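The chain that follows stands alone, in the form predicted alone, written as structure tokens.
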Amino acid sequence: MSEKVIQKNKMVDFLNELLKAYKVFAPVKRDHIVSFDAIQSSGEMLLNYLNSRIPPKEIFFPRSEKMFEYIRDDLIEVKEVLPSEERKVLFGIRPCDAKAILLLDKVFDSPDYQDPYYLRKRKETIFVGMGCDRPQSTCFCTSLGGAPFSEEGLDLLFTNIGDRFVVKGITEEGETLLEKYEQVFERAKKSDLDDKLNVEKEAVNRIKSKIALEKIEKRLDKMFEDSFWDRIYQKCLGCAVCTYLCPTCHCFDITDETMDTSGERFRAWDSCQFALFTLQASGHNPRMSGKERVRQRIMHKFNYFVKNYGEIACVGCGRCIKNCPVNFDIRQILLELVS
């Protein structure tokens, strides 16, 4: 696939051209929080950022969304509310988050179940990645098969080499985009590619956390009743920030809001770390304490998901580590499990 160069002073032109043809989602900073949102102008986008606090999964799997409306009369009339299909560009996504979207695809687009709400938003989306040239101390993507400049799940990948970006076309959609807007790109020189390679090497060297996770699924098979869980859960507050900010967590609750003879059904993010998550109508709760809930989080990501889909449901983005109010570090748990 081809590699081009774009000068940073031409990024405004490129983004403005994209905005004419696509709905563009990009990292923005609002109320001191970086997240992905639809932008109206190139000036809204952050080009220099570490990673968003809120993962871009919410573009396809929103925090809250209406599923359908209904009218209760002699018969119940249901009107499904599906999102519109539109051509989108997800610009500036980090490689770890692009891989996380591929993991969500396994859940929402499986042979057994296709989620129309997710799939209609996911359709017709071009993924433009921004290589991670400054991994944070909490990052450990290389332990999960990722890398700061991984191309998995991306159509284009931008690499910051100072006053310009090297841009690599990865898929046909990415190559088409480079051709469509060729006026803002230049052919990459050998010196550009050498600079790109140096940036990639430096980024990988910045990631100090190394965890060998090849055997963790088998290890967890034997640990459901282990005393290990009695100890590690005690630090957890059950606030669920780890799951709400996780790019691969996908649990949701469904709620009806009814007024007189009409109503609406919504689904919203939920978390296995909440005490009410598994509370049954009888009053029985199979996960009655933090021990069972912390165990569920670890088992789901590193055992159950592997059995169901063949991959670990973690990309090493480090959000759960960075934002935990009590410094619950999943890397320490994993190191204990594999040691």
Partner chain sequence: MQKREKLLKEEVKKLLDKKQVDMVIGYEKGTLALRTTPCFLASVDDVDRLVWNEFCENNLAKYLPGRKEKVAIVAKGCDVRSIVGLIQERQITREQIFIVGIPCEGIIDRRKIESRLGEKEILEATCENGKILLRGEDFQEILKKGDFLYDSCKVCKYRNPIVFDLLIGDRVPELEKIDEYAEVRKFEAESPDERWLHFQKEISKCIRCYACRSACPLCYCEQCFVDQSQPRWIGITDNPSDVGVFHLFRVFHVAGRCVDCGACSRACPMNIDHRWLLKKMEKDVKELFGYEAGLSVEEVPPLATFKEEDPQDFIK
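Computed from a predicted model, the values in this text were never measured in an experiment. Positions refer to the first chain, counted from 1.
The next section is about a form of this same protein that is not shown, the form predicted together with the partner chain.
Asker: Which of Leu237, Met223, Leu82, Ile71 has a heavy atom within 4.5 Å of the partner chain in the model of the complex?
Answerer: Only one option qualifies, and that one is Leu237.
Asker: Quick one: in the model of the complex, does every one of Glu257, Phe266 and Asn327 get a heavy atom within 4.5 Å of the partner chain?
Answerer: Answer is yes for this spot.
Asker: Given a 4.5 Å cut-off on heavy atoms, tell me which of 98 to 106, 157 to 165, 118 to 126, 227 to 235 is the interface stretch with the partner chain in the model of the complex.
Answerer: Stretch with heavy atoms near the partner: 227 to 235.
Asker: Counting only non-hydrogen atoms and a 4.5 angstroms cut-off, does Arg63 reach the partner chain in the model of the complex?
Answerer: Close contact exists here: in the model of the complex, Arg63 approaches the partner chain to within 4.5 Å, heavy atoms only.
Asker: Taking heavy atoms only, is Lys189 within 4.5 angstroms of the partner chain in the model of the complex?
Answerer: The answer is no: Lys189 has no heavy atom within 4.5 Å of the partner chain.
Asker: Flag Val241 as yes or no: does it have a non-hydrogen atom within 4.5 angstroms of any non-hydrogen atom of the partner chain in the model of the complex?
Answerer: Yes, Val241 is a contact residue.
Asker: Would Asn48 sit within 4.5 Å of the partner chain in the model of the complex, counting heavy atoms only?
Answerer: Yes.
Asker: Looking at the partner chain in the model of the complex, which residues in 29 to 44 have at least one heavy atom within 4.5 Å of it?
Answerer: Result: Lys29, Asp31, His32, Ile33, Val34.
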